[in-house]
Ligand code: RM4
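The chain below stands alone, shown as structure tokens; this is the form predicted alone.
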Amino acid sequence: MPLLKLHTSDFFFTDNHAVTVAERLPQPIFPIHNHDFYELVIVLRGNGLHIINDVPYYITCGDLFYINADDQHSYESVDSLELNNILYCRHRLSLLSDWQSLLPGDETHQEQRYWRLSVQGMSEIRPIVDALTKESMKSDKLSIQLSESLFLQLALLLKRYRHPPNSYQLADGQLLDLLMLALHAGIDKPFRLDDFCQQHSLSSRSIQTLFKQHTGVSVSHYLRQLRLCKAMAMLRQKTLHIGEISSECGFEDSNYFSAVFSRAMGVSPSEYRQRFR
């Protein structure tokens, strides 16, 4: 399938606008594409598979991506997935600020452009995105300036509330944030929800209900999808033995890994690897 190219002229209200918002409520399956603008992807709810430059990410509420103009990405296996896509043209930004620090771009490795947002952060950015959506659809000079100032406020809040997916820097974070961090950090080793709940004096049933409300899937399903995404990436990019990949993705038994992978992908790990050789 040829690469789909999205153009600034199809999304921005005028040639003077530096930023606009493309809501995806819901986000359908979308083929691989790139664009001549940059993009912030904020996942509001639901889940799905986001593939960026051939690297798969299992995404759900609170995930944040900084997408460069030349990045090739697509959406697969979506389930009630809802996104805020904030599109921007770097060369049109006129406010004086450290945009490179706020908006990691071409010089930043892909893994440093994938973050998680805390629950508090998600609640604080929503009214900013709503206001930005309205202002970016007006063509007067004042509205264009307001759009960029709201975008700067959004970029600052994202930097304040973002954290690496597998970092425990949120020592006093909210419970859902802590659970997400534990799952991302525990892909390559056994994870027991009961131990997590005991550590934080939680009810297992309550945290599972909260998790399902925010993500649309169970804790075990989410962790399994994280592990499968890591396996997919390793099968595409590395020559390790299937058993080694199984172990690094948190599966203690390679036969069980092969069965889970085959059921999810429709092909065995070996057959999947052959597709990318």
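As the structure is a prediction and not an experimental result, all values here were calculated from the model. Note that residue numbering begins at 1 and tracks the sequence as displayed.
Same protein, other form: the form predicted together with the named molecule, not shown, and the subject of what follows.
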Can you pick the stretch from 56 to 64, 229 to 237, 248 to 256, 29 to 37 whose heavy atoms fall within 4.5 Å of the named molecule in the predicted complex?
29 to 37
Within 4.5 Å of the named molecule in the predicted complex: all of 88, 100 and 159, by heavy atom?
no
Can residue 11 be called a contact residue for the named molecule in the predicted complex at 4.5 Å between heavy atoms?
yes
Within a 4.5 Å heavy atom cut-off, is residue 75 in contact with the named molecule in the predicted complex?
yes
